[in-house]
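First, one chain by itself in structure tokens, the form predicted alone.
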């Protein structure tokens, strides 16, 4: 590919294939219903690979909620849920799902079909469990939940081993649950192939992130915010691997030719939190200042195979034990000390000038501790940080003018620092 053929300031051509990938995912759900195949709702952070391994078609209501937001339906669904008595401050994904189910919305609007059963975990948020309890009762379907302890800074090895054993036992109970509900038995060979594909998918995503270390950065949020969905909706399938490899190849060509996603890259930013799914175009406004987001912990976290104790050999030969280890070490349940350390390493390795922290008003796991994190990073590591208030799925909570003014002032601070 010649330099003239590689365009900057645009989404990777390969990322355009995401629509086809997700379209096939929704078609697979419809096909499962036509064929009478078991289906399951699953929360992000749950072991979706097990569902694929036992021939159960996953459906992720969080993913569907983002579809609602992108299609400009989420506010209506949220308000329908609030009319039922759910608080203004509750998770906007949950309320979007409540409204979508109540209105019997189709999948193109973010609706989700009635499942055979539901799977939730509290690996990221306890709201997931409560959410699925509410909807399992509404649909009158079985609900299995996996309780995952959080590893904190003073957790010793004995406690950690106990936590892991506790999660492993629940995962084996889940296998029995699926067999009882669906009649499908656990197939070790199929599970090995699924975990191989899941591993390969995550490794290519991590390779893509390595390219983002390069200055100028070849990949922007146009690619990563949308591109992450296969990581938690289709881990274990081959098709997303091919898409990611195309993304990597195209981004590598940009790197080899010294071309970035921006024509003029002046500032490199990190964005911590879930994006505004109803207004993804907003992130393009950063380009007016020559600023680009080169790292999002949210989109990187779902590559999940980052624990050095979890090797490829373990994933293939001990998939249940590996899954337990991964659930205990998910990015979003790091203790505060580990989180600060990870931020400092990332700022250094990705050559980041400043950090945008999204105070997501309806998501406790994403907003809890942000002010402490900001203080720690600014006071002890001299990393400029800005907290912005908004919401992942509720457009009523984003004051675009206010946020733009905050970011403009923040960029000016970064500009003055570069002059010193």
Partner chain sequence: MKKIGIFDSGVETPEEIILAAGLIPYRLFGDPTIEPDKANEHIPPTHCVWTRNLLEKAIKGLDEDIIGIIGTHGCDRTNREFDIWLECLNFDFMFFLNSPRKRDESALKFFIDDMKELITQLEDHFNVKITTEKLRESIKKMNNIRSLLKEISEFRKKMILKGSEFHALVKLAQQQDKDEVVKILESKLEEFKTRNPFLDTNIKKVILTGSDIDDTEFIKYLEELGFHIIIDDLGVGTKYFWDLIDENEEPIVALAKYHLNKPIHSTKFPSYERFEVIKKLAEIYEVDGIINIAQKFCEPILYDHPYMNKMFKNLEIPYLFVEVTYNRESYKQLSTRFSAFAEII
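Here the structure is a predicted model, which is why all the values come from computation and not from measurement. Residue numbers count along the first chain shown, from 1.
Keep in mind the form predicted together with the partner chain is missing from the figure; the text below concerns it.
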Of 277, 117, 131, 295, the one that lies within 4.5 Å of the partner chain in the predicted bound form (heavy atoms): 131
Residue (of 147, 187, 349, 176) lying close to the partner chain in the predicted bound form, criterion heavy atoms within 4.5 Å: 147
Contact flag, residue 30 vs the partner chain in the predicted bound form, heavy atom cut 4.5 Å: no
Close approach of residue 152 to the partner chain in the predicted bound form, 4.5 Å, heavy atom: yes
Heavy atom of residue 159 within 4.5 Å of the partner chain in the predicted bound form: yes
Exercise: residue 126 in contact with the partner chain in the predicted bound form, heavy atom 4.5 Å: yes
Partner-facing stretch of 57 to 65, 349 to 357, 33 to 41, 365 to 373, counted where any non-hydrogen atom is within 4.5 angstroms of the partner chain in the predicted bound form: 365 to 373
Contacts with the partner chain in the predicted bound form - residues in 319 to 354 whose heavy atoms fall within 4.5 Å: 333, 335, 336
